[in-house]
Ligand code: HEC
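One chain is shown next in structure tokens, namely the form predicted on its own.
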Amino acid sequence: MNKYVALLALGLLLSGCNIYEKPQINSADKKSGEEQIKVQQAKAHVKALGTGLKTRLQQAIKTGGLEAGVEECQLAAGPIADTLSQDGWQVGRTSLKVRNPNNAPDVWEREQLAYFSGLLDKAKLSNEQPRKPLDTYQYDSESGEFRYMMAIEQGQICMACHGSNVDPAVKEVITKHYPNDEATGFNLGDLRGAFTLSYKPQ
């Protein structure tokens, strides 16, 4: 990969994949104090995971190109998510088309992903701009259990590893780590996936 492509990829990475939000599925006008806290904590975890991955990818692409970025993402994503998965929280990512089979969605996640995807498809058709981030959650006030998802839209930087024309050298590295990869063929503005979080009181 030439230096121009690597530098272009780094520049695109700085803009990141877009994250969008939908109105909360909880219909109450005023959320309980605990509910508000959990939503804010979830958003903080999403920011930490996204920022952590972005920083590691920037460093890897700068030194070794997109192939190194794939390698670094494979190495870094799990440990960063594990670091945030403490005190009752589980933090990760999922998609309708996963790269890592361990990130496959459960029934609730699949329903939210389908909903996100429909909203983004509708927005693309109508050229709606600007949009707020798409997110959703469910909260059980009796058990204290909480689930949260925030959509990840396919942005320009995502195209290098998840688009329809992935460089053969990059594709080779992807196949090496993810032989059953499903996460290519996305177009700009598609739903790439979502951050998914859950909380259970300890």
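Start at 1 with the first residue shown and count on from there. No experiment lies behind these values; they were computed from the predicted model shown.
We do not show the form predicted together with this ligand, though everything after this point is about it.
Chemist: Check whether residue 162 has any heavy atom within 4.5 Å of a heavy atom of this ligand in the predicted complex, and answer yes or no.
Modeler: Residue-level check for residue 162: yes, a contact with this ligand.
Chemist: Going by a heavy atom distance of 4.5 Å, is residue 135 a contact of this ligand in the predicted complex?
Modeler: Result no; residue 135 lies far from this ligand in the predicted complex.
Chemist: Looking at the partner-bound form in the predicted complex, is residue 149 within 4.5 Å of this ligand by any heavy atom?
Modeler: No, residue 149 sits far enough from this ligand in the predicted complex that none of its heavy atoms falls within 4.5 Å.
Chemist: Taking the shortest heavy atom distance, is residue 73 within 4.5 Å of this ligand in the predicted complex?
Modeler: Contact with this ligand, yes.
Chemist: With the partner left out here, which residues of 64-99 have a non-hydrogen atom within 4.5 Å of this ligand in the predicted complex?
Modeler: Counting only heavy atoms within 4.5 Å of this ligand in the predicted complex, the contacting residues of 64-99 are 66, 69, 70, 73, 74, 77, 93, 94, 95, 97, 98, 99.
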